[in-house]
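Heads up, the chain below is alone and in the form predicted alone; it's given as structure tokens.
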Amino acid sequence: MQYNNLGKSGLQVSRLSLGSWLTFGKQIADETAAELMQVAYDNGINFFDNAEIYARGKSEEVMGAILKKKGWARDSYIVSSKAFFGIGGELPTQKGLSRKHLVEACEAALKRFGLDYLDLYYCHRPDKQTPIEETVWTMHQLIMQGKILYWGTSEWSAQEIMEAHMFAKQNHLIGPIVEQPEYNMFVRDKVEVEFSQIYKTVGLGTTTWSPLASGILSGKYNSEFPDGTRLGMEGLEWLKERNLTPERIKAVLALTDLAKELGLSLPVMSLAWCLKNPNVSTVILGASKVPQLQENLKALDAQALLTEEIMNRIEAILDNKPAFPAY
């Protein structure tokens, strides 16, 4: 396994990590979740990603029970939670980034995990109803109380992240160290262009999600629509509509041929492509089966096969390189 500092922090995170969205507490059995975590841990993965909204809290309960049963040293792994969406409550105090919800969500996550502190705590989306100042103060206070060690954002804009940093600096508070954006061959703008300056200024770390574009880059949708996939799950019609387009399938077919030429599976090549970006601290893997995770772990070694020539060929197939704005 390879490790990176998460942004400018001293926290060393594995280049590949394991997430639980749509799987733990929902799509897979708890026994399978435990097997996946064991394989990940045995292969050097030290970061396990979670959130309050995943399976409406059940995902954190499942992961917490696994961690308790495994008995791994607490200083050997990193666990995250995210707050914003709540666990299903519709009242205004049951979601968002107010001090009330962030504190209560943190306490609830710790209880579900059965842990004394969270390593990473994310603001899962920006909250237009809450001043950024209130959110920054709250995260700083949670760190001072020992309930979280670091905090970050997910799907925030560069401007919002910088506003948080400016307020933190002005008031001698601890700012966010990490952003969790979507990043894959089809979703590139934020990671490659929008955040390009703040990697240098505040040293932003990234824990990127959906590296296989919700399974499109696995190749499983190249012909017929298979049963039992996340794009077929109730409530995720928006994900299917966004990802399963004729243009993307056409690109995936060409990428599949290139991967075969390199002796790689399409998922491994797609993951290696994400890892080639030096601003990606860790790529969060989602897996529902152990062989799937074991295959995806090959992406670390596959990076060496993605030479400049191959990266250019991938670029030609994708034809979606983000453009930097002209100033």
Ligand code: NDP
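A residue's number is simply how far along the shown sequence it sits, counting from 1. Values in this document were obtained by computation on a predicted structure and should not be read as measured data.
Keep in mind that the form predicted in complex with this ligand is not shown, yet the notes after this line are about it.
- Message: Based on heavy atom distances of 4.5 Å or less, which listed stretch (121-129, 138-146, 92-100, 194-202) is in contact with this ligand in the predicted bound form?
- Response: Result of the contact check: 121-129.
- Task: Classify I78 as contacting or not contacting this ligand in the predicted bound form by the rule of any non-hydrogen atom within 4.5 angstroms, answering yes or no.
- Result: No, I78 stays farther than 4.5 Å from this ligand in the predicted bound form.
- Heavy atom to heavy atom, is K289 within 4.5 Å of this ligand in the predicted bound form? Because a heavy atom of K289 falls inside 4.5 Å of this ligand in the predicted bound form, the answer is yes.
- Query: Taking heavy atoms and a 4.5 Å cut-off, does S14 contact this ligand in the predicted bound form?
  - Reply: Close contact is absent here: in the predicted bound form, S14 is far from this ligand, nothing within 4.5 Å, heavy atoms only.
- Message: Given that this ligand is not shown alongside this chain, does T206 nevertheless sit within 4.5 Å of it in the predicted bound form, heavy atom to heavy atom?
- Response: Output for T206 is no: heavy atoms all beyond 4.5 Å of this ligand.
- Query: What are the residues of 46-82, in order along the chain, with a heavy atom within 4.5 Å of this ligand in the predicted bound form?
  - Reply: Residues within 4.5 Å: D49, Y54, K82.
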